[in-house]
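A lone chain, given as structure tokens: the form predicted alone.
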Amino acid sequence: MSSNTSSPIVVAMDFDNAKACLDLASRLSPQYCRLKVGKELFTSCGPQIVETLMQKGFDIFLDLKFHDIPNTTAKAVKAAADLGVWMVNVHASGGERMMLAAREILDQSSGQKPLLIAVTVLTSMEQSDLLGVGVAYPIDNQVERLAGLAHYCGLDGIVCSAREAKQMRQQFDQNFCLVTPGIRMADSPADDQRRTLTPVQAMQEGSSYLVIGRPITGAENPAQACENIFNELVQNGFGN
């Protein structure tokens, strides 16, 4: 799908109402960032919020992490494509048949096709969390297994921690997108993320796109914070 910007910054619009979301969007520029709409905002506001943000010129990452039987997941992905979003995701743990169904339905579509990526291991999870759901593999190994499965199924990339980006980039070429949440400034608290890096560090490790929330949305001047990150990335050879 064609894009409105070359910026690797994706601002997480983690709001529970349209007003707060649109107030922030009015202060940001599509020149410097894309926007991520997640479960809370989408559930509260529906597809209309996605359409409104796209009308303002923003590329939208629809972060609903679909995970269901293959047919249901494929139809959900198709509905996201019909909205015109730039990127959509599924859970790699949904398995091969589910991801292949999602890939196939987009390939059969005559319209614009969003990037289709898969979530590996959530950045909030630690080794003890994996053990709690019956996964005995180390986090890095589990990420590698799920990323390999997503690549095999023809997906365009994965969501992974920035700390796994170097390992993933060694395994996959530059055409395979690495979308990394858990991005923090050097002087920012980690909050509920456990495996974090700064924007420049994440890009140096091989990330393609950076999902950034509170360092921008919680800043006194979000537009300036976003532009500052963008300029720092450009100065270090990332984006233009």
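Numbers for residues come from their place in the sequence shown, where the first is 1. Keep in mind it's a predicted model, so treat the numbers as computed, not measured.
Beyond what is shown, the protein has a form predicted together with cytidine-5'-monophosphate (C5P); the following relates to that form.
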Check: For the chain shown here without its partner, which stretch in 44 to 52, 167 to 175, 25 to 33, 207 to 215 has non-hydrogen atoms within 4.5 angstroms of cytidine-5'-monophosphate (C5P) in the model of the complex?
Finding: 207 to 215
Notebook entry, point to check: Is there a non-hydrogen atom of residue 123 within 4.5 angstroms of a non-hydrogen atom of cytidine-5'-monophosphate (C5P) in the model of the complex?
Noted result: yes
Note to self: Can you work out whether residue 226 and cytidine-5'-monophosphate (C5P) are in contact in the model of the complex, taking contact to mean some heavy atom pair no more than 4.5 Å apart?
What the structure shows: no
Check: Should residue 199 be counted as a contact of cytidine-5'-monophosphate (C5P) in the model of the complex, where contact means heavy atoms within 4.5 Å?
Finding: no
Check: Even though cytidine-5'-monophosphate (C5P) is not shown here, does residue 14 get within 4.5 Å of it in the model of the complex, heavy atoms only?
Finding: yes
